[in-house]
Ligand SMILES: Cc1cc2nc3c(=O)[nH]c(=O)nc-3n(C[C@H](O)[C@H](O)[C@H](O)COP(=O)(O)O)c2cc1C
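Single chain ahead, written as structure tokens, the form predicted alone.
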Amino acid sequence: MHDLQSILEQCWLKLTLASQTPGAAWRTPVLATVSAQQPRQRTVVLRGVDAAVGSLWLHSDLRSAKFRQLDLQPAVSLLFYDPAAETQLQVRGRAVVHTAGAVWQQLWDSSPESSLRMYLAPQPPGTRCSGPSPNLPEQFVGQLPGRSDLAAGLNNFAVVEIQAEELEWLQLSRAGHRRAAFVVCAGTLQQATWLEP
């Protein structure tokens, strides 16, 4: 691919497929947030992509520290890497937290029980404890809850929409790396340029 538009289209396609395919290389990016004290990174699961509006979706426990950070500073970065294709993608943008609405409901309804069980956790994620803990109600340790049981965790479920503003693509190659940057607004390409790798 030597055409910038084609590269961007392939990135959005690969992101979309990753959001639908467990085990895909770009399925579990690293999310970076900024707090007053220090930057924080954590691996997240890509749950949805809407290339037409430039949004990427994930969900997390509303009680986790990342939401305090996003409230103070919504600028975030996602880092994707595919070791087989030796391709890296950085997506920088703004995070919007949803605790209700159509997308929030759709992601809740479409997520498997195994992905929603964590919202039943009695303690907020990151709470200090005296030893290893699954942080689950006893009846669900080692067992998946039914959909009706999961309703108790609905208040802890939050969706993070990342509105992409910049994408930076890097293709590693023994023949010579290639790098490109894209500026987007609401899914529409504003600027594309090659960068020295």
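One-based numbering along the sequence shown. The shown structure was predicted, so the numbers you read here are calculated from the model rather than taken from an experiment.
Omitted here: the form predicted in complex with the ligand. The next part is about that form.
- Though the partner is left out of this view, Ser64 does reach within 4.5 Å of the ligand in the model of the complex, counting heavy atoms only.
- In the model of the complex, the ligand stays beyond 4.5 Å of every heavy atom belonging to Ala51.
- The ligand is not drawn, but in the model of the complex it has a heavy atom within 4.5 Å of Thr28.
- Contact check for Val44: a non-hydrogen atom falls within 4.5 Å of the ligand in the model of the complex.
- Partner contact region in the model of the complex: 56-64, out of 148-156, 130-138, 164-172, 56-64, criterion any non-hydrogen atom within 4.5 Å of the ligand.
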